[in-house]
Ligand code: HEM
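Here we start with a single chain on its own, the form predicted alone, put down as structure tokens.
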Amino acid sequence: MREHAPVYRHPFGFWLLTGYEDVSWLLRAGLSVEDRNVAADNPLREMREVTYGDQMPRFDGRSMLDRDPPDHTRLRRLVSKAFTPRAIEALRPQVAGLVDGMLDAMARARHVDLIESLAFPLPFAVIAKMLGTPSSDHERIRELTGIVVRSLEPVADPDLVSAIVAADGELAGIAAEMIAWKRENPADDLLTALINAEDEGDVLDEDELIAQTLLLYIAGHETTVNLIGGGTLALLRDPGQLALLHDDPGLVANAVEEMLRYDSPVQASRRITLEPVTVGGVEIPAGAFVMASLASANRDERFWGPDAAELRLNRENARQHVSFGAGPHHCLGASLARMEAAIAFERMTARFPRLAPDGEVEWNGRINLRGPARLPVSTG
């Protein structure tokens, strides 16, 4: 696609950008993210309306991820106070303690599923700690979020639609219970801050509060699971790079950037045009749904060079990847994900220099939040 049709109108009615420069431009262009701006006769919108009918998830379009200014500005400002560099750095000792405990358990077991043992429980525990939520059924929440994120890709199966709507409703109920509990048990945490947050006299209404809580819960762990799982798989497939990281732990920060580039935890991001735009000499009309392939941009040979498809942990410009997006919707939790992954990879490679595959990887079957669902390893 990058070579022959870098600006492509898909038969489903959306536009697909695959080159680094075009994707980078789109993310920063300040276009809309609100689905209501998609043209009424767009085939993708028609397919979505036919598929979902009157079953549209209740909180669809209520989180800051799906809002334009001024709503996006207001919501992001209310949440961003918990993601300052100082706030994230204060979590470092807790993250390190969690990682050490999980690696201890892996060492005792010797043969483990890395997703079950580290990639999932670490970010889930951290975001739950940040939010200050009561102990909950982690496995059930994991199962439900795995279904809900399928709504981020084209859906044509009525049974999947019903499952998404049911999971969305159950998660909303769980979030509402957490919020009610937190109102009775306030503390110095993110959920209490969201409940009490004001922005020039404006507060979150109940639906907005539930939507932001669910966004933080889902985005706070799903993407980092893919980063740690996909990054580990990349190292296992390239033992030379695994050895390089073990021998030079100071490389870990750049290594995380290269893992983000090499296998993007989020494959694509979308924008909606409000007026005609010209990209790569091709005019895209107003009301178009434009998909930016982050994963493709991260492998564009024109930007990264002829070794774009190779993992190279000392790649000098690795941090120029687009895996966290860019512009107004740049990932709010990027610094948190970077810290979690850096601690996990530095300590895991130091502890298990002979880490090795121990069975076939199983994928999660998703188009957008693609990553390993099961990654059997031997600690050596």
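Note that residue numbering begins at 1 and tracks the sequence as displayed. Because the structure is a prediction, the values reported are computed rather than measured.
The protein also exists as the form predicted together with ligand HEM; that form is not presented, and the subsequent description refers to it.
- Proximity to ligand HEM in the model of the complex, taken as heavy atoms within 4.5 Å, picks out 266-274 from the listed stretches 299-307, 247-255, 266-274, 164-172.
- Between ligand HEM and the residues 293, 223, 232, 241, the one pair within 4.5 Å by heavy atoms in the model of the complex involves 223.
- Exactly one listed residue, out of 122, 210, 227, 78, brings a non-hydrogen atom to within 4.5 Å of ligand HEM in the model of the complex: 227.
- In the model of the complex, at least one heavy atom of residue 127 sits within 4.5 Å of a heavy atom of ligand HEM.
- Ligand HEM in the model of the complex is approached by residue 337, whose closest heavy atom lies within 4.5 angstroms of it.
- When ligand HEM is considered in the model of the complex, residue 330 lines it closely, a heavy atom lying within 4.5 Å.
- Contact between residue 219 and ligand HEM in the model of the complex is found at the 4.5 Å heavy atom cutoff.
- Although ligand HEM is omitted here, in the model of the complex all of 64, 260 and 324 have a heavy atom within 4.5 Å of it.
- Contact residues in stretch 22-47 (any heavy atom within 4.5 Å of ligand HEM, taken in the model of the complex) are limited to 27.
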